[in-house]
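Just the one chain here, the form predicted on its own, laid out as structure tokens.
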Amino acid sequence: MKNKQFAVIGIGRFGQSLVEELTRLGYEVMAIDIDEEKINDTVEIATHAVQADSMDEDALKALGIRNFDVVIVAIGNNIQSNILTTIILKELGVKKVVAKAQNALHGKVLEKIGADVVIYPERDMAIKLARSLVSNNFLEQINLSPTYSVIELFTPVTFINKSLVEIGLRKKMGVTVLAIRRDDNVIVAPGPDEKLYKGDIIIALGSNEDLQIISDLD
């Protein structure tokens, strides 16, 4: 199977971090920015680092941008450039365009012009930090949509030594336990009689409101 190829357009702090992590994971990554200095900072990290104007359709064509599996528009300081770049990428037939939004209104525009995925890095990081500060149990969150997420948290004290059916997460709150991590073992799709013990880590799916209630439990 062909290894996925990524292109990251906009090499600010977020774009740079994304290039570094994708490269570390072993993927081919092209970094694109109009700023020569930013490209010079990335040239030894990315598979390819190219100075180009992302609003120049011919320049993107010349880079073979439509051949990349995923193109991430990480431009953060210029909303107009961010939006126009997203439009051009979709018109060129890029398979999957992930676009960074600064706020909800910007995100709505990106969705309407065809971005396949809209991300809010600053907002998501702020939410994650806030939850980790106010909860003793919260570990990680993956946002599936504006209203639903998967979270990872330590088993609240009130759940310890009780089975999932006794706790009634799905029946009472509509929260589904996808897996339980116990020491070095992972119990996938645990049955209703599976008990939770101190130190267990729960991976749960549900609405953000319901997951917030669980993560706030003692």
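Treat the numbers as computed from the prediction; the structure is a model and nothing was measured. Numbers for residues come from their place in the sequence shown, where the first is 1.
The form predicted together with adenosine-5'-triphosphate exists for this protein as well; it is not shown, and the discussion that follows is about that form.
Participant: According to a 4.5 angstroms non-hydrogen atom cut-off, is Met55 in contact with adenosine-5'-triphosphate in the predicted complex?
Facilitator: So Met55 counts as contacting adenosine-5'-triphosphate.
Participant: Give a yes or no for Leu18: in the predicted complex, does one of its heavy atoms lie within 4.5 Å of a heavy atom belonging to adenosine-5'-triphosphate?
Facilitator: Judged by the heavy-atom cut-off of 4.5 Å, Leu18 is well away from adenosine-5'-triphosphate in the predicted complex.
Participant: Please run the contact check for Asn77 against adenosine-5'-triphosphate in the predicted complex: heavy atoms, 4.5 angstroms, yes or no?
Facilitator: Result yes; Asn77 sits at the interface with adenosine-5'-triphosphate in the predicted complex.
Participant: Closest heavy atom of Arg13 to adenosine-5'-triphosphate in the predicted complex, within 4.5 Å or not?
Facilitator: The answer is yes: Arg13 has a heavy atom within 4.5 Å of adenosine-5'-triphosphate.
Participant: Could you tell me which one of Glu91, Glu111, Glu140, Glu122 places a heavy atom within 4.5 Å of adenosine-5'-triphosphate in the predicted complex?
Facilitator: When adenosine-5'-triphosphate is considered in the predicted complex, the option within 4.5 Å is Glu122.
Participant: Using heavy atoms only and a 4.5 Å cut-off, determine which of Ile34, Leu169, Val150, Val70 is in contact with adenosine-5'-triphosphate in the predicted complex.
Facilitator: Only one option qualifies, and that one is Ile34.
Participant: Hey, of 112-120, 91-99, 77-85, 142-150, which bit sits against adenosine-5'-triphosphate in the predicted complex at 4.5 Å between non-hydrogen atoms?
Facilitator: In short, 77-85.
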